[in-house]
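Before any questions on how it binds or moves, here is one chain, the form predicted on its own, in structure tokens.
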């Protein structure tokens, strides 16, 4: 895969070598992400951070990643605050805003919208989520987290067993992650959801073509020998009404009692966040917060590393980041950690 100048729109662009390249660069970003060092390798560069759909982690981590590389960030949030609300096309928006930026990240509620935007852009575009379609950078950070977490126990992605729980129909994170896992060998899937929110056939067909085994069920309990349990929230923004989404909210709650009874002692718990902690949902209970296998916050931290790596690779500076670094004067290892 040629990264420099490329759009990052889909996990389908990646092969194992490209994934390993991203992960290697992400590892090298740790001193900057932890503020032990700073780099000005992207000084003078501008990121257009365009989020036409609600976001916290993805939007802020993209901006943080770019700042940590020395660049500046300009943001647009919400459809109503942009000229799109006045009827401007994605092509025209892209044509104009790309003249103000060196790279653009974009989230939009419509599937395929980011690829449509990229056709009009004069600079690289990174997909921050397009409707129920894809979320490639989330999938990469999820896979990076899985590899690191399993590595702590001497295990690999090849041959692992992953349970995916929740809204598998509209959850773009599980769609993209499943497709990335098709690049690995002998991965077993247990797909747990309400029947109406089951994993789409397109994804199941991809798993079959990759030679992976999967089991589809609407039962949360039962003996699970899973290495990873990946919980998702009900994607209420994809439903026709709040009432319809509420029919499924809280159906598959994972708490410490269920985890201890049905999962292995070292099963890694993941969630793309935000987790719905309202009483009627409580999909990933707070009583898991002190469980050392809860990786959701390490997962979120890894998002900055992966997005730094993608910016560095796409803008062609991945191999010279350390040439522009300096110590962080105020940093105190004892004070921060």
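Numbering follows the first chain given and starts at 1. Just so you know, these numbers come straight off a predicted model, no measurement behind them.
Keep in mind the form predicted in complex with a small molecule is missing from the figure; the text below concerns it.
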Requested in this report: Decide if the three candidate residues 169, 175 and 178 all line the small molecule in the model of the complex, where lining means a heavy atom within 4.5 Å.
Outcome: no
Requested in this report: Report yes if any heavy atom of residue 58 sits within 4.5 Å of a heavy atom of the small molecule in the model of the complex; otherwise report no.
Outcome: yes
Query raised in the report: Looking in the model of the complex, any heavy atom of residue 138 within 4.5 Å of the small molecule?
Result: yes
Query raised in the report: Is there any non-hydrogen atom of residue 288 lying within 4.5 Å of the small molecule in the model of the complex?
Result: no
Query raised in the report: Is residue 273 close to the small molecule in the model of the complex, meaning a heavy atom pair under 4.5 Å apart or at it?
Result: yes
Query raised in the report: Among 161, 262, 251, 233, which has any heavy atom within 4.5 Å of the small molecule in the model of the complex?
Result: 233
**Report entry** Answer range among 66-74, 265-273, 31-39, 288-296 for contact with the small molecule, defined in the model of the complex as heavy atoms within 4.5 Å
**Finding:** 265-273
